[in-house]
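First come two forms of one protein chain, each written alone as structure tokens, so that there is a structure 1 and a structure 2.
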Structure 1
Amino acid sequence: MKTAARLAALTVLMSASLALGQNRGTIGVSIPSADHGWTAGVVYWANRTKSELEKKYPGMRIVVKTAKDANEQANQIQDLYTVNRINTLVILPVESAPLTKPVADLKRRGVYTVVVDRGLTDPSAQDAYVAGDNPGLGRVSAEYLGKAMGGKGNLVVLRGIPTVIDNQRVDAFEAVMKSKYPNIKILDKKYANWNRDDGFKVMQDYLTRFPKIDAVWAQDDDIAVGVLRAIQQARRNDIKIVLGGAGMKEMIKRVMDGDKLITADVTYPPDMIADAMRMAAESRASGKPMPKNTIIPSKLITKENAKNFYFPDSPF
């Protein structure tokens, strides 16, 4: 039912945008399809913000498209231009390099381009850039853990997938640890690929290998789910803190409820797409350009402020 309604709405919308789109402006939003928790959050926020903005700016049309890979996304933004006649593009690229040229091409034809999160290889292809703060996520996590551990003890790290994003987070984390908390020992850091099963396995092996672990930095909330189960199974009580990241609703709920192991979380908000869409819409309505670069800081969620970050109906 919901899908049918959505499809119908999309059809109406597309024909409407063709008919009267040109003078009021159409914003195309191109994002990766929901294939894991965080991207599911991105899709949820994009759709939610679409209806919010269409209500706020009557006559403005917003078309949201999802793509499973870079190739599909490149085709899609071409269609957004030729079929939907967009004058503004908000894009979260599936991959940076392969989308740089297609986005530059749209900009050359007069489309206002806003790039979100993953930057293009050539920044001149974009009019504005909105991003989360990856080094910030590492920094905030390290500072929280360092303080919570009292500046000493053993720490294990479960990383994401080998990518630039992961490196930025981990490098910033280690830099803070080295300079501010030299007595905290990082026992090892292995890839848990941003998923629960690998989080479980890697943590099981850490528990076998290290008799005393004080804290775990899981770098992502999905990994943290597996970590918690492994600790529970091994019945280990030397671990005081497990810090995840990204702001998954289950983890924020645990922080709200005063969970003993999960005392905090660090945001890397999937709703940055919403911020980018709002800024783009406002800039279109007022005719003023957006700031060239907007970095959305990673915030620390603790029991005090957790309810501001809790959205029970989001899939992430």
Structure 2
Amino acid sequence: MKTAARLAALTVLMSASLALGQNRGTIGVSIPSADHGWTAGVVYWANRTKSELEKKYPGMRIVVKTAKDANEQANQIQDLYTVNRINTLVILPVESAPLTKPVADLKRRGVYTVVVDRGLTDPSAQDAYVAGDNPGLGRVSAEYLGKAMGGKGNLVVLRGIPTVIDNQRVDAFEAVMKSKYPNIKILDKKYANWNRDDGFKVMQDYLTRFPKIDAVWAQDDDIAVGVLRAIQQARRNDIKIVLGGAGMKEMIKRVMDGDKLITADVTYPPDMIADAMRMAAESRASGKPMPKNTIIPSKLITKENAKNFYFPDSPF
């Protein structure tokens, strides 16, 4: 009888554990492919965090998918719902507008939706939002360039891709320039798609059109790599500062080494996907909703503090 009782108790316990595991369900993580340095960091952190969370929460399953464009990502999140039967979606949209309706459709079907970094055009489509401080990145960049340029001179801007966060960065940057540094002229601003090759092409165009450029706001470190290549190829020595952003290890190393063109950087860490996944997993396990908005501040990196942001083993 005692053995039978123990078996019965064990069965109840296993059933309870199974139910708890089922309640934790499956989290789908949808992110862009590693098509440049920052997204390579996102993919690295997503896969690393998947293993961490599946160990921490037995019974919880994490499915990570990468997509090369918005259409592929929209199809993938439908598959995550119909095939993988996710109850939670953590998504870093390739683009904002094309992904808004697919995410809203999943939320309407009961999937808890966590949007990371690139906000949707309709925030009501998401349950929670986790991002870097995009207006802050624009403000910190403008403050640094304004002071470094002595409040005057010619500046060119290379934008990211047409997304809500790109607008937030550029709007905040221009607001600071307009209010505090009116003698700095923004010669032009074009999309370089957070891409080295596009950064090279856009900068080539600027170098051809403008005989005097004092500084470049590349907004992103991958773009800055292309910008530096274009400047070197054109053998231009009028440009004194190139400011990227995100905290790529190669750029941080340049700051540490006292590079004449790369004198600073501004953080926008790719491991924010890991923060979002951890928060979503904790929320699903506890049954408590996440904070509606979680913003990770952007910080200025200079030679004085660069060592605190340099991680040589990171892929980004």
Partner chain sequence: MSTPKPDAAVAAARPPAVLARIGSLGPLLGLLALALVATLLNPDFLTVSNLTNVLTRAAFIGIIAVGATFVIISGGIDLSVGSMAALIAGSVILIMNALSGTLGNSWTTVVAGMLIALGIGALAGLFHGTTITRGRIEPFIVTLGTLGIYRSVLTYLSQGGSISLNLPLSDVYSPVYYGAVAGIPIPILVFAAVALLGGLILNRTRYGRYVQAIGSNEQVARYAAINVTRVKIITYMIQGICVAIATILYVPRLGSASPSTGLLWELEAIAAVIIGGTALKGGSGRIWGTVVGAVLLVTIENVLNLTSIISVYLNAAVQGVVIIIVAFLQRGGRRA
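Residue 1 is the first residue of structure 1, and the numbers go on in sequence order from there. Bear in mind the structure is a predicted one, so any value in this text is a computation, not a measurement.
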| item | value |
| --- | --- |
| Which of the two shown is the form predicted in complex with its partner chain | 1 |
| Exercise: are Ile27 and Asp117 on one rigid part between structure 1 and structure 2 | yes |
| Angle through which the smaller rigid unit swings between structure 1 and structure 2, given in whole degrees | 23 |
